[in-house]
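Shown below, as structure tokens, is a lone chain in the form predicted on its own; questions about how it binds or moves come after it.
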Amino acid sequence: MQDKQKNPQFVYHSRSPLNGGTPPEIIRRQFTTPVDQFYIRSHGNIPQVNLNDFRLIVDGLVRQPLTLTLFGLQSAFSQRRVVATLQCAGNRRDELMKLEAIPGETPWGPEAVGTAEWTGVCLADVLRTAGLKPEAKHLAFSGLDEIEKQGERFLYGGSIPIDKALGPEVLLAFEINGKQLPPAHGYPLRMVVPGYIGARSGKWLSRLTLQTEPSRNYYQAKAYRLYPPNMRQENVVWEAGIELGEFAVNTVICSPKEGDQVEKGRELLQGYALAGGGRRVERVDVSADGGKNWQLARLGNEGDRWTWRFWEAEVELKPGANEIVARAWDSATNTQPEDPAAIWNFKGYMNNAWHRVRVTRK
């Protein structure tokens, strides 16, 4: 299946399920990503939802279970807008794949990211209306997209800690950039969990369940976990994985691109940087000689702790081959590892090593 509303420059990794994104040199042109350029991550086929039949169920450790239509949700709760960056946990996986094969996973480059203005209602308002019981520690969610995995069929799902679920930034969203969610982006309702990996912003949302433990759904209990470097699919101990939540500080050089030939010595670099968990990008360093010498990039003024920040810098390139490098720092002084080999894992998640681009000056 193809999303016919996507930009012609949108690159598809697969059609069924639908997965793809727009090259970073294009999405870097606008702070808010147009819907036709926003990346798509799907694990199953896009469900066809009849709005007349749609219901959101809120149950589990609540005093008053809820069953809500979309109109009921919109009319019962105040609407809110949040500008937030979503990033797939597999963003930049292709760099890890160059070190060792990662079978069965999408070869994402740095395009699995985007920033949008989301309109919805605060998840916290809905949960307070349902009445949380004190023992509720996790919010599990499930969508309407059916997955077949390991011989079983089930609905996509996951969970977030209750403290995050009650954050004012977390939405049950029905619009993106002022327009109704398209089917590929979760129509009619999705979660938006700023600062967390995109897998926790569940699409085609159908159920919210309050519980004492994290979700046992495959995509919480097995996938979207960070495994030790000695493990592979054939010897994995699923319990050894660390559940992924907040994404790590990261940056990408959007232009020039890998393999470009440049005409002059002074070259303008442009990129994006982001930090998870509500932390803000505070600094980006760039190097034109593979990381031997560094200079500060200029950070844009747009954005807050839930969005990326754009940056740019001019560097002097020598004739011949040049390796340009970038690294970011966040408000907790976290930075990026130098070598992707240090963070390789058999699922290919959370690559935030220094970003490198090799160009040639004529």
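From 1 onward, residues are counted along the sequence shown. Computed from a predicted structure; not experimentally measured.
Heads up, the form predicted together with a small molecule isn't pictured, but that's what we're talking about next.
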Even though the partner isn't displayed, in the predicted complex is Thr115 close enough to the small molecule, meaning a heavy atom within 4.5 Å? no
With a cut-off of 4.5 Å between heavy atoms, is Tyr39 one of the residues that contacts the small molecule in the predicted complex? yes
Though only this chain appears here, would Tyr224 touch the small molecule in the predicted complex if you measure heavy atom gaps against 4.5 Å? yes
Closest heavy atom of Ser201 to the small molecule in the predicted complex, within 4.5 Å or not? yes
Please identify the residue among Val284, Cys88, Leu172, Ala84 with any heavy atom within 4.5 Å of the small molecule in the predicted complex. Cys88
Heavy atom within 4.5 Å of the small molecule in the predicted complex - the one residue of His138, Arg190, Arg92, Lys164 that qualifies: Arg190
Answer among 95-103, 164-172, 72-80, 201-209 for heavy atoms within 4.5 Å of the small molecule in the predicted complex: the stretch 201-209
